[in-house]
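Single chain ahead, by itself, as structure tokens, in the form predicted on its own.
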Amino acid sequence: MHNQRLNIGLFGLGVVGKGLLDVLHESGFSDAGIRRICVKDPLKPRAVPRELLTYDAGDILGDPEINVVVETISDPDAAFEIARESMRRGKHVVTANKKMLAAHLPELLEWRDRSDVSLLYESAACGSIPIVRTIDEHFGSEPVEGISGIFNGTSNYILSRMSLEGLDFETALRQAQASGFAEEDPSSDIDGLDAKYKLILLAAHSHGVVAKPDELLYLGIRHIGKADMDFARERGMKIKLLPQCIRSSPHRLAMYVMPALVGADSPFYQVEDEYNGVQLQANFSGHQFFRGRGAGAFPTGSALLSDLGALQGGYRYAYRKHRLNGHTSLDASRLLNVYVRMPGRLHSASLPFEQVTHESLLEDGSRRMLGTISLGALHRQSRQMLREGIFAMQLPDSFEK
């Protein structure tokens, strides 16, 4: 739709939808306008002209003048139906719903190609960092060995407050909620789900593999405690929640999300609060590092605005790596060097360690262990670990206790 005016149908007017309205107004982007906004609650006051509002999705989907649907609702199932139906009717789609995308990306791409429209989702990954389009455009042909980063501003804010101010987890979480960086139900952020969905999206562009959400290990920070922060601080290190996609062999990838211990030599060491950071290791251009705000209305709104600008210029993701990918599969055999702290009633046999190099009882009665576990074994035990209150993080390969 090169140089065509964008007549936008917006679904949702929460933090993200309102953020788009604000940045669209302040940017002076004259080639786009909001034609209709579909919201759920007719009783909730809205700071927009009432004639823009509708409570019927059909008023947007059935409007032939609307050529772009921007989807910012939280319900992934409803978001999928909106995106699929919009593309079926020949409307371009811009979405911020990373859970919906991670669950349905192959089907959405089929509808995109069948309907000859664009599906853009810069706002679904890493806030204000223009990482999706950067990977798709600039690294679309160059082999990428790995991608990792801080993809979740909520968890990073919590970890920063615990590390820099000595707050406990619950206090840091409440502060994140009061600051607008955490939802009332923060489970997706603190349990690593949000970061997992973003990793799936970025790996689709960096490596050409569309992983299924249930295939990936994800461990979060829900059970992190003072003993873990002290362990890091005493060694001059910090704890960060790091999604990783690493090429372990020409046709195998290790993909997972878990907390990791990082030293001052890591680019993630200085990424604090709601900021995100993404590191790419490309075969020819080497290490690339990107940093920017990852949470809040304006960072997400700016990413939506960027997609609208790209769409107005006729942009579509190329997905070159899908054609170059071959038969890449996920590698569950990779050995991880890990730190584990569990309740004292449990012991090392509770987890399938390949080797335990250190084990000790702490003052609070919990048990700490260092050793190696395979990625697949850790994945199989991960839901039990969440239930049992076990905290685990990856240690650097060169770590010495």
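Keep in mind the model is a prediction, meaning the values are calculated, not measured. Residue numbers run from 1 along the displayed sequence.
Omitted here: the form predicted in complex with a small molecule. The next part is about that form.
Remark: T154 counts among the residues lining the small molecule in the predicted bound form, judged by a heavy atom distance of 4.5 Å or less.
The closest non-hydrogen atom of K98 lies within 4.5 Å of the small molecule in the predicted bound form. The shortest heavy atom separation between E272 and the small molecule in the predicted bound form exceeds 4.5 Å. Contact annotation for G192: none of its heavy atoms lies within 4.5 Å of the small molecule in the predicted bound form. When the small molecule is considered in the predicted bound form, only one residue from G301, G149, G220, G294 comes within 4.5 Å through any heavy atom, namely G294. The contact with the small molecule in the predicted bound form, taken as any heavy atom within 4.5 Å, belongs to F181 out of Y317, F268, F80, F181. None of 194 to 202, 80 to 88, 238 to 246, 164 to 172 except one has non-hydrogen atoms within 4.5 angstroms of the small molecule in the predicted bound form; the exception is 194 to 202.
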